[in-house]
Every structure is written in structure tokens, then in C-alpha cells.
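The chain that follows stands alone, in the form predicted alone, written as C-alpha cells.
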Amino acid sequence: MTIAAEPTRLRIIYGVDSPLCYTSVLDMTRHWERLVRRAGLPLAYTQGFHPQPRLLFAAPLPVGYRSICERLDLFLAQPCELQTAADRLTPQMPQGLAMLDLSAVPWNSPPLQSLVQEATYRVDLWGSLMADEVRRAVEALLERPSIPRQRERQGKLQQYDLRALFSEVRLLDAAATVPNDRPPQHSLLVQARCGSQGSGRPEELLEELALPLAHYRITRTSLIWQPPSGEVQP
């Protein structure tokens, strides 16, 4: 571990599970601000009449989604050794939030939100349906050249093509699902656009598949972005 000679920018990879998966983006920001304060780290704030904590999320996690790959850039007003930051933050993590990795990045690095291009998701399905039924529904959806839909945003209806937002949808083998207390009947791997140019929402995909589901669970498993060098990173 090395000590930075200037204010520190930490990049945190963290997981989100119940009950915090039902937290809004704004409330998640507040959770992290309180967490950093309890840890006794010197959080940096913006200038002006209404200073805001300098916390930059790579991509908003929709309410109800779980994740094993969220990224947050945390700006500290003073130098901080990585091990010290990890030792202080880890005990403050509430149920449903887990820090998976911690690293230091240059203070002036571009925000990940401007670089994120796609995300992958695991969509676990429960219901009275067979694997062939799921596979046929996915194949039929992917054969459609376009899927016109509309969303309400800021009080206005926005037209968009749902099909253009997804680059991959496939049924996973049973062995590829993650074990848990209630194993899903089937799981899909979904890769979708994620960022300022539009984001694909797996629950909208499920609406178009029109499968007889009793329950489903969406977990974001990776973020894919375009670094300044031009090399795509997972």
C-alpha cells in the first residue's frame, strides 16, 4: 500500500442485495455519505452555497435490482492509505451492502458514468414453464427487427426501440445458475446498453417475452465501459 501525496480518489466495487436493493439512487447516495462519515474518512464536498458530497456512481442501479459489480468513486479531502480506508469502511457496511474491492485512481480521471457502455444481468425466473418454452420465447423476440415501446420521463412519453437496447439474450444452462436457498427454475443472461445513450431494462424484456412467471429476480453482474485508451474493459 502507498500513501497518496494529494487528496485521494478511491474506486470502490461493491455488491447490493436485500434490503438495500429496494433503495433509490438518491437514498443510496445518502447511505454512502453516512457510511463514510461513520468511518471517520475526510469526505470531499463541492464548492458553493449547497455543498454536495463528491460521490460518483458508474451507473444508477434500478430499484429492486441486485448487483455484484457496482462502482463508486469516492473523493477524500486528504490523503488516505488504502488499507486504512478499507479497515474503516468495512465495519460500517449495513446489511445488503458489501465492499468487494478498493483501489486508488488519479484525482482527475474521467467519471465512469461517461464511459459505461453496456451491462450484463442474470435474470432468474420462477414459474410453471419448461426450458424449451423459454428458449422459443427468447428466439422469437430476437428475430423481431424492432420492438417499439414508450416510457414516461419527466411527465412526457418517450418513444424508443427496445430491441436496439439488447445485444445478447440467452438461456443459461442449469449448472450456470448461482446456488441459493430457492434455486430458480431458469436463468437468462442479458447484455444491454447502459449509459447516456439509453439503457435496456430486463424487466421490460420480460414483459415482451410474456412468460407465465410467478416471480423473477434481476442481478447486475458486470459493467462494460470504454476507457480513454479505446480498449474495452469488462
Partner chain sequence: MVPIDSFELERLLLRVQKPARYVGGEWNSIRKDPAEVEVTLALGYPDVYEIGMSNLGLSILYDAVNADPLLAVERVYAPWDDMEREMRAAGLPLFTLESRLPVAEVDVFGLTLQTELTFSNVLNMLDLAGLPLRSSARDASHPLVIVGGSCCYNPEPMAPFIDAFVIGEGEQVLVELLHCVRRWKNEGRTGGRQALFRALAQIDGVYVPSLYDITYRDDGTIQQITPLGSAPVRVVKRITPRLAATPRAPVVPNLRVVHDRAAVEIQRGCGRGCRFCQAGMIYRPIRERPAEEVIADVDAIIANTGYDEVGLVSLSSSDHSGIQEIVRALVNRSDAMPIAVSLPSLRIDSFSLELAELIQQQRKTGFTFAPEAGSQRLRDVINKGVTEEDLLRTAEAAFENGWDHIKLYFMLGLPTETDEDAREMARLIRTVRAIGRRLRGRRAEVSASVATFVPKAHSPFQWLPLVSREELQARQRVLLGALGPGRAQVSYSEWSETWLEALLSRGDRRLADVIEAAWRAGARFDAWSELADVSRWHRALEECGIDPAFYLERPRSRDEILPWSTIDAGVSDAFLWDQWECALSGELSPDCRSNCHDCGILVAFASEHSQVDPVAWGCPP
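Residue numbers count along the first chain shown, from 1. All values derive from a computational prediction rather than experimental measurement.
What comes next is about the form predicted together with the partner chain, which does not appear here.
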Using a 4.5 Å cut on heavy atoms, which of 128, 150, 114, 95 is close to the partner chain in the model of the complex? 95
Only one of 106, 110, 79, 91 comes within 4.5 Å of the partner chain in the model of the complex by heavy atoms, so just point that one out. 91
Tell me the stretch among 164 to 172, 33 to 41, 192 to 200, 54 to 62 that has any heavy atom within 4.5 angstroms of the partner chain in the model of the complex. 33 to 41
Are any of the heavy atoms in residue 66 no more than 4.5 Å from a heavy atom of the partner chain in the model of the complex? yes
Taking the shortest heavy atom distance, is residue 27 within 4.5 Å of the partner chain in the model of the complex? yes
Mark residue 14 yes when one of its heavy atoms lies within 4.5 Å of a heavy atom of the partner chain in the model of the complex, and no otherwise. no
My question is simply whether residue 214 lines the interface with the partner chain in the model of the complex - judged by any non-hydrogen atom within 4.5 Å. yes
Site check 135, 138 and 159: each within 4.5 Å of the partner chain in the model of the complex by heavy atom: no
